[in-house]
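The data below hold one chain only, encoded as structure tokens and taken in the form predicted on its own.
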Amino acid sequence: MDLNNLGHALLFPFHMIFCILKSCLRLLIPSRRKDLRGEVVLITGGGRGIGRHLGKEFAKNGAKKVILWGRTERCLKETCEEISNTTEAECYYFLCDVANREEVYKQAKVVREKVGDVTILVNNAAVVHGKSLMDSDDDALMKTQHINTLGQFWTTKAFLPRMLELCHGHVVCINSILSLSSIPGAIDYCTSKASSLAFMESLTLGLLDCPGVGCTTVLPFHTNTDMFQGMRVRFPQLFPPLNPELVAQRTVDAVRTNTPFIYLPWTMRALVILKSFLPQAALEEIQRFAGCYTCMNTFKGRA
């Protein structure tokens, strides 16, 4: 081992202690929040659900322009009008299926020409088929992967290069706690979100040495939206679904504080800890107790 590597090895424990103390200090002292004035925010799946509330929350916090992408024009138009009428932000919408790579690149070019450079990209678009593997249609399984996972590749490739040129930008992913703790009956969704989480972990590490450009991954518990309509947990009083307004508020706050990963609620961090040391049999009993094995039996999904 040369002297340089030896020096790094000796200093490593002190760096770790410093990072832990710094994180603990952030819990006690509120982080300085960056100003969103002048930011241009693009939200995929922005017409309804969490995406709708994200648009309103970014606009309320001072974003200059909010751009909504989606596949349903009626929802996009309604959300766009609401944002324009209730905030000072300029709001635009474009029809775009993020599963279609060529369409993403084409619409990204249109956005740059008509609106300007996107400085905050929010990958929120997602679908769920809600069936077991053997009951799932092959095309539906492919659709979930293309929208929930590959769509992020295309949107990020379309907008990240300009952020790097400007040394200013943020990439956000609305993921799910199901990326860490899967359930039966949503194999397409859980798989796609696990892939999406790996994508964001790799991207976050890859941008560590890129000044001014950050990432945020949001991992919420079951959220009360139409997408998971009919899903029932065993103890709703103990595990209540999240409000999409709360998810949007926490997401915007995480962007403003440059927080890489957030779990909603924070108690979901326990899943990571438990899975690291509990035997599989014990984890299965926890899932049975919580009703994870049967929660999708009443699933209806978005009409």
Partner chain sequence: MNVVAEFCLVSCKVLWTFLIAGTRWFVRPKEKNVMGQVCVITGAGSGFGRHLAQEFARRGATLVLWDINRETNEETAHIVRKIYCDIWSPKGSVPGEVDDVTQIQPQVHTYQVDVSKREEVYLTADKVQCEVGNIEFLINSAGVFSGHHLLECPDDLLEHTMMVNCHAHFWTTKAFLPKMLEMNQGHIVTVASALGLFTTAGVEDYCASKLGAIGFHESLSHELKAVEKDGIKMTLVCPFLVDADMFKGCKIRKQSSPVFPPLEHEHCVQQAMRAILTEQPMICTPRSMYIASFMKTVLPFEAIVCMYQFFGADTYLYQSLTHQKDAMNNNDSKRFAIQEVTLERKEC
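Numbering follows the first chain given and starts at 1. Computed from a predicted model, the values in this text were never measured in an experiment.
The same protein also has a form predicted together with the partner chain, omitted here; what follows describes it.
Of the heavy atoms in Ser276, some are within 4.5 Å of the partner chain in the model of the complex. Using a 4.5 angstroms limit between non-hydrogen atoms, Phe228 is distant from the partner chain in the model of the complex. By the criterion of a heavy atom within 4.5 Å, Gly185 is counted among the residues contacting the partner chain in the model of the complex. Contact annotation for Leu133: at least one heavy atom lies within 4.5 Å of the partner chain in the model of the complex. Just one listed stretch, out of 220-228, 116-124, 78-86, 137-145, contacts the partner chain in the model of the complex at the 4.5 Å heavy atom level, and that stretch is 137-145.
Think of it this way: in the model of the complex, the partner chain has a heavy atom of just one of Leu208, Leu95, Cys167, Val110 within 4.5 Å, and the residue is Leu208. In sequence order, Ser202, Leu203, Thr204, Leu205, Gly206, Leu208, Arg234, Phe235 are the residues of 202-239 having a heavy atom within 4.5 Å of the partner chain in the model of the complex; the partner itself is omitted from this view.
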